[in-house]
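Here's a solo chain for you in structure tokens, the form predicted on its own.
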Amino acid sequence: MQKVLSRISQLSCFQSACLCERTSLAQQQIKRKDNQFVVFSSGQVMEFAELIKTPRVDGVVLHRPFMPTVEGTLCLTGHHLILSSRQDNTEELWLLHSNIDSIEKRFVGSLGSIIVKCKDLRVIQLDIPGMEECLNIASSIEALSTLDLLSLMYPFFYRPMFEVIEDGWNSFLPEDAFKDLESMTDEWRLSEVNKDFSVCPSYPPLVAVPKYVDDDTLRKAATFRHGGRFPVLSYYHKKNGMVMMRAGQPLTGTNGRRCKEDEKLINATLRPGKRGYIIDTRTINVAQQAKARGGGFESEANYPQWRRIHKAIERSNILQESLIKLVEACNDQSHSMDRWLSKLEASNWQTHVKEILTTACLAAQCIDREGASVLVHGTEGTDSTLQVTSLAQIILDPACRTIRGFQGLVEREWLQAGHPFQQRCAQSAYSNSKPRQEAPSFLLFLDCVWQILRQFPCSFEFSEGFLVLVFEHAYASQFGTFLGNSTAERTKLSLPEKTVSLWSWVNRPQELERLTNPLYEANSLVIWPSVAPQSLLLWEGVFLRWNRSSKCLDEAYEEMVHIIAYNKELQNKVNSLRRQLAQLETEDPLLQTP
């Protein structure tokens, strides 16, 4: 261990930045950047070197909730904060700088403490001997955790220590998803109208559209929708052939502008004699106000076959404030029941969960029970729209409730659909800087999925742990899956060639076994979650994970797994005995049961 630490202190700061992800300092050989890593311009090398003022400090004490304190050596690399101890049976700390939301400094005499608040909502404390060392470490962490240049992010340096059996970048391509659609219907086609991202910068190169709507019509319709987000297929309901589409708001403005190509496009999804529903995720007042800024909504006169329904889902800045208030409530140590409940209610987080789930249930009901097609949009079509379309598919489609199906859903309805992850997940609940475009839209979606999972614990192949894992990697990761704001940005950055996909790691047999729900029994039915206030709970697995010991829950889970395994063993014995009895009865008629 001492040799490895000595080697780290001798490396240049930039070489330290290029360390691979590893599970133990003592087990890995540190490699130079020259033969494995991206080489930046000299200016960028100097920038990295200048950021790390003190690369190593001995005698640092780490405090973590419900874990013993650890004393060891703190090392800063270009991408990690590492604390390693010579104590036996102690877990090392490997913390990505990109996971750090904010830090606080405290001093008592010559002893300094740094409170590190992370995007995954954990809070740790580092006691550092020496005021100068503490100030240098704090300054370095602040600089390294706020790098804006994507090409300096850790996924570009990470080299997997596992065998990549399946390349996750190629696992959920639009053309493969379209093959599944083709097996059910011939009414749609895969258009390349956006192959150079010029029609809609936030759409992928390939989109599914009605078969008899040509690309010129799509281009004209795109000029009538916010951000060029013309209506595209989101989901096809095999049971009755109804569809769900998504788009940006129409740009009707105060003059009531119309676009016949847009009308033709969405009317092409309707069956003869059928009406459709437009679910607008804004209140009617917000939609009316959007007209003054060039936006608006579909008028009944121009879309007579469509009924418009307004559902209120809050905008980004409101949701970010809600998350901050919720986490503050969960960290409240006053132990006052009234104070806790008051803060929880004031955050309005559960209200947002209820609004989103209610709207998703409405969309699913229109498709499955009303036998009508649906178009969903809000303003941009990249946040609340995607929450509704993806949750509606969780409700309607059993495939989306499998591990692989859920990965495909996240790819189609979030990553390829243009949710700006880089902007939305730039800050979590602890950041001291003023929110810009940050919002927990994706976390709210995962919370809603957890609510449904809790109500239907046997209908999901994946466990709660899988949802928590996806949440963590959306905010900070060694994988490139959630980098960038759109497919266009990921293509420009060459992410599939230069980084590893999260799905490459998840889809390994040992990880799949760990993330599988032991209660799972395939359910081909539509599931209808309750949105009654008493049915919606606080997601303790995320918001209270670092505030209480998980020992009892872990022990209960292990016991449940043991009982399920024992039950399967007994069931196999029963089936075997029944087969033996049936065999004996066929051989000796006298043994036949009356």
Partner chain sequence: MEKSGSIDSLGSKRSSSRHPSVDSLSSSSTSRSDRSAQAKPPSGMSSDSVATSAELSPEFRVKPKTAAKQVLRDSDKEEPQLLPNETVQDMAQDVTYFCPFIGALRGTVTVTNYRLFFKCMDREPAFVLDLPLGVVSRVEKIGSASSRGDVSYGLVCKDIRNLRFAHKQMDDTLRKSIFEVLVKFAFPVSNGLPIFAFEYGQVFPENGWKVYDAVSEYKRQGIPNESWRISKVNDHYEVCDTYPSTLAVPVNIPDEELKRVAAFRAKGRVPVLSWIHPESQATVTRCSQPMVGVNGKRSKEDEKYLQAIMDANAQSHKLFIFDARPSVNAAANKMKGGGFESEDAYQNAELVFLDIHNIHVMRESLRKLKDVVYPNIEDSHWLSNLESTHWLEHIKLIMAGALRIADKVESGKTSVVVHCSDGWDRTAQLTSLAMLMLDGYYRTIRGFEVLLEKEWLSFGHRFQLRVGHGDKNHTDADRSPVFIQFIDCVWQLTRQFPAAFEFNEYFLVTILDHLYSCLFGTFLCNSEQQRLKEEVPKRTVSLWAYINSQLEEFTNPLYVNYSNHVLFPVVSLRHLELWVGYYIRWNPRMRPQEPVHQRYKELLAKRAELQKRVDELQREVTNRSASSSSERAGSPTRSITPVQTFV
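Positions refer to the first chain, counted from 1. Between two forms, the rigid core is defined as the largest C-alpha subset superposing within 1.5 Å. Predicted, not measured: the structure shown is a model, and the values here were computed from it.
Here the subject shifts to the form predicted in complex with the partner chain, a form of this protein not shown in this document.
Indicate whether the candidate residues 342, 521 and 587 are all in contact with the partner chain in the predicted bound form, with contact defined as any heavy atom within 4.5 Å. Yes, the whole candidate spot contacts the partner chain.
So if I measure heavy atom distances to the partner chain in the predicted bound form, which of the stretches 427-435, 448-456, 215-223, 255-263 falls within 4.5 Å? Correct option: 448-456.
Consider residue 533 of the chain shown here, and say whether it contacts the partner chain in the predicted bound form, taking contact as heavy atoms within 4.5 Å. Yes, residue 533 is a contact residue.
Contact between residue 302 and the partner chain in the predicted bound form at 4.5 Å, heavy atoms? No - in the predicted bound form, heavy atoms of residue 302 and the partner chain never come within 4.5 Å of each other.
Whether residue 55 contacts the partner chain in the predicted bound form should be assessed with a 4.5 Å heavy atom distance threshold; does it? Output for residue 55 is no: heavy atoms all beyond 4.5 Å of the partner chain.
Whether residue 564 contacts the partner chain in the predicted bound form should be assessed with a 4.5 Å heavy atom distance threshold; does it? Looking in the predicted bound form, residue contacts with the partner chain include residue 564, since a heavy atom lies within 4.5 Å.
Residues in 552-576 with any heavy atom within 4.5 Å of the partner chain in the predicted bound form: Contacting residues: 552, 553, 555, 556, 559, 560, 562, 563, 564, 566, 567, 569, 570, 571, 573, 574.
Taking the rigid core as the frame, does residue 565 move its C-alpha by 2 Å or more between the shown form and the other one? Yes, residue 565 moves 2 Å or more.
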